[in-house]
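Only one chain comes next, encoded as structure tokens, the form predicted alone.
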């Protein structure tokens, strides 16, 4: 079953959603596009793991190309870690990439598992771009992207074995979101999220976290909100991984690159001071 298209007024339900869609429809940030140009996998998330220090050495004229390739390697490594936590996925299963961006992780999931992957985004330009990439790779029979709201996907109840959000939950209400995922997942299906969240223990949003919110027109949630909303919707965490330390090298390298946007220092400050965490949460539908 494919998703039938809806009119934009039905997909974009609030003025805030329209503002977010406008932001991503016009976004052409080199940090997303140049990294994706390396191998045609266009991501909209960050990276994890130590970077190879040799990229900062060697001939000056090729230094920037080496940094771009290494940043892309780190962001694809982050996507691989997410996919590692989906559990056993068979070719006959169906997955959902919610807030799919330009679709890189969906293509990686199809290549790994051989199954159908649907991606949804409220950005029409992202959906158009992602579908073009799927056609270019010859996987558009299995990987399809749709202009849809992740809070109301239109997919059939119980049809999915796995769902993930990769740095996109800060744009929606978590209780609404996980209610939709609880509906979509088959019994025993798996949900995985990688997200930045602020640390409730240290209080409210720090100055650095507030700067990140402002930069991306988002609303970063407290860490506790994820677990409360999951518990309320039959999603039971099976694995929680703190990726805060592993993501810091990505930001350190990005700050030294030509694709730096100025938001690198707030991220580094927030992570180092402990007001911001980078978490992976895997939860099963009961």
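Residue numbers count along the first chain shown, from 1. From a predicted model like this one, the values you see are computed outputs, not experimental measurements.
Beyond what is shown, the protein has a form predicted in complex with another copy of the chain; the following relates to that form.
Though another copy of the chain is absent from this view, in the predicted bound form it lies within 4.5 Å of a heavy atom of just one residue from 92, 203, 88, 138, which is 203. Though another copy of the chain is absent from this view, in the predicted bound form it lies within 4.5 Å of a heavy atom of just one residue from 256, 34, 66, 228, which is 228. Interface membership of residue 237, defined by any non-hydrogen atom within 4.5 Å of another copy of the chain in the predicted bound form, is confirmed. Although the partner is absent here, residue 210 is a contact residue: one of its heavy atoms lies within 4.5 angstroms of another copy of the chain in the predicted bound form.
For residue 43, no non-hydrogen atom is located within 4.5 Å of another copy of the chain in the predicted bound form, even though that partner is not displayed. For residue 55, no non-hydrogen atom is located within 4.5 Å of another copy of the chain in the predicted bound form, even though that partner is not displayed. Heavy atoms within 4.5 Å of another copy of the chain in the predicted bound form belong, among the stretches 181-189, 122-130, 100-108, 67-75, to residues of 181-189. Using a 4.5 Å cut-off to another copy of the chain in the predicted bound form, each of 13, 215 and 279 places a heavy atom inside that distance.
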